[in-house]
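The form predicted alone is given below as one chain in structure tokens.
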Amino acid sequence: MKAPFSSEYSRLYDAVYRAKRYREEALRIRRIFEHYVPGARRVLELGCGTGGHARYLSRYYEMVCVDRSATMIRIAREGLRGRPITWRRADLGRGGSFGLGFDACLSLFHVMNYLTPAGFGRALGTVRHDLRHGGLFVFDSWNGDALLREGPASGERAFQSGGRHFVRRVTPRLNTHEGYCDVAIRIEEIQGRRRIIRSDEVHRMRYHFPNELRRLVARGGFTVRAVTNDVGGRLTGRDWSMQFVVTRN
């Protein structure tokens, strides 16, 4: 099996997630920005994928969009030519800087869960370094309370891309001792009675708990402004995804 976000997986990414509500998510993020950092102009996106959120946010902001997949960056750049976006390929867990004085930063679709504990700390350091004082950081995470309550489930779903038929199979393996879930993702193309493997990866997702993240971001130099579920409602122990809104101290 390959590491996450191989070129094969990246080319099928938009077809796999064609039902994802990028527009609604992006507009809600814009409302958050307007509430906490009115007048925001420069935005950093970490883990931009194929540009689903940037497609809408770049109508309002000058953006720097970062992803570790060269294929995803290429797809995003080709699909959003002429937008005020700078594309950067980088591994967030290695730290570094993508510029100074950003008004806001976002990292959605559980990008932060791909990071080791050390990588998570380096990512927070990058965001704090690149944001202006009082700048906003919005990110989401798997909620360990819900994950351990319900347990991850295997699943299979069919989809189409360019007239071809595929099946995406997900098989999770939970490691509660070390706090992560290995999610095996296999994508097979269906040709008659044959199934041809087109992508076979394991995504290691580290889950977090609300109070754990509160402590981590506080130590990283941020103040928590809001903790919600992924649609902005009250977070409960049954919500798999939680969203943090924090400001740089």
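Everything quoted here is computed from the prediction, not taken from an experiment. All residue numbers are counted from 1 along the displayed sequence.
As for the form predicted in complex with a small molecule, it is not shown, yet the points below apply to it.
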Where, among 150 to 158, 173 to 181, 124 to 132, 85 to 93, do residues come within 4.5 Å of the small molecule in the model of the complex by heavy atom distance?
85 to 93
I have F120, V217 and R225 flagged as a candidate spot, so tell me whether each of them has a non-hydrogen atom within 4.5 Å of the small molecule in the model of the complex.
no
Residue-level contact is defined here as any heavy atom of the residue lying within 4.5 Å of the small molecule in the model of the complex; does H53 satisfy this criterion?
yes
Is Y22 close enough to touch the small molecule in the model of the complex, meaning at least one heavy atom pair within 4.5 Å?
yes
Taking the small molecule as it sits in the model of the complex, is F244 near enough to touch it, meaning that at least one heavy atom pair lies within 4.5 angstroms?
no
Residue-level question: is V43 within 4.5 Å of the small molecule in the model of the complex, judged on heavy atoms?
no
